[in-house]
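In structure tokens, the next block holds one chain alone, the form predicted alone.
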């Protein structure tokens, strides 16, 4: 196990800039709709306002409901320590760290599901059930995508994947990039898997799980969502930027951040141009992504 304290700057950048990515998406959607849209930094304003408010708790809920949002945020924030940024290795690096990275994502979702079920609402229980089902179909795609990168580079550590002299290219990279894009949309509850702006009770997934949250708890949930968007887009951006030659210690990380911004804009374009899939088709999409990831793992050299 190795600690790289110099990489804490990458973690701090993620903690500071992640809400910006979440604010880009509605701006793009507003442009497509011909509206001015909300300010680019609206998510920061919302987080500050929610943190200054009090929380309302139902008499049905227990300590699980109050602690769940903070635990979800803590586990996602902990996964940042395992995430490299090209020339910057992960703050915490060891052989097999990608397994802990994937399971931290799963643990954050577990806490979110427990929080929703603790309300005693059949409505939120429905959303938690859907979240659990789709998660079991998304996690294999993420796991196999990371395993493909590790296999290609002959390592068991995420930090060494994007520092390799022979980054993933060709057909395998295209397959894994497409799979990671689907994982990004699924993990962040975006169209076509979910719609974060829907108000149709029978189609809600993630949003129905947080209906009873308010004040600081809702701020923790929103901030967790911004960190998940940062992490998933970061992995895809590094995959796309890794083949570029090195020209200075900061050029490729800056290029990766620019790619992350473009990915956030792409999410806005997707949500503006296509409709959400019917629920019965979402599992087919996620299983198809896992199959493509398995194909990429098979042909990776």
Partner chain sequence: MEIFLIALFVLAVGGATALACSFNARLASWMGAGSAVIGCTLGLIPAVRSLTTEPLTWHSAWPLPYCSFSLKIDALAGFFLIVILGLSLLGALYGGEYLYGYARQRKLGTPWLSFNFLIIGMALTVAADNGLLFLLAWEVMTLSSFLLVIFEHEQAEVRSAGLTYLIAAHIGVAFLILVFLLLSEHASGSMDFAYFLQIHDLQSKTAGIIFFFSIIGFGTKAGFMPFHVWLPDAHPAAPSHVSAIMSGVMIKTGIYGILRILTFLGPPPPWWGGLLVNVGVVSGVLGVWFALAQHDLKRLLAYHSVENIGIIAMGLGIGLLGISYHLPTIAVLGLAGGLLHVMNHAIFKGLLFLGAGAVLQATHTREMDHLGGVGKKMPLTSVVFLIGAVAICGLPPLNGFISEFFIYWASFLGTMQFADSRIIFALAIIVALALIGGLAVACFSKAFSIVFLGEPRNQEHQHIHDPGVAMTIAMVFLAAMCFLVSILVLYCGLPLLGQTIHIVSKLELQQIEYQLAAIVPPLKGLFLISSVVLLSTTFLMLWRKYLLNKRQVGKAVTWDCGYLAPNARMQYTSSSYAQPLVDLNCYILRTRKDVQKPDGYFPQTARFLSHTLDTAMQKLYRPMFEVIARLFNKLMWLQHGYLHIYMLYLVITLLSLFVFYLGIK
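Quantities reported herein were computed from a predicted structural model and do not represent experimental measurements. Positions refer to the first chain, counted from 1.
We do not show the form predicted together with its partner chain, though everything after this point is about it.
- Annotated contact segment (heavy atom within 4.5 Å of its partner chain in the predicted complex): 49-57, selected among 49-57, 230-238, 28-36, 269-277.
- With the partner removed from view, the residue among 212, 87, 195, 160 that has a non-hydrogen atom within 4.5 Å of its partner chain in the predicted complex turns out to be 212.
- Between the options 40, 70, 261, 250, the residue in contact with its partner chain in the predicted complex by a heavy atom within 4.5 angstroms is 70.
- For the chain shown alone, residue 187 is not a contact residue for its partner chain in the predicted complex, no non-hydrogen atom being within 4.5 angstroms.
- Not displayed here, its partner chain is kept clear of residue 174 by more than 4.5 Å at the level of heavy atoms in the predicted complex.
- In the predicted complex, at least one heavy atom of residue 75 sits within 4.5 Å of a heavy atom of its partner chain.
- Its partner chain is not drawn, but in the predicted complex it has a heavy atom within 4.5 Å of residue 64.
- Applying a 4.5 Å heavy atom cutoff to its partner chain in the predicted complex picks out 99, 100, 103, 104, 106, 107, 110, 111, 113, 114 from 99-116, in order along the sequence.
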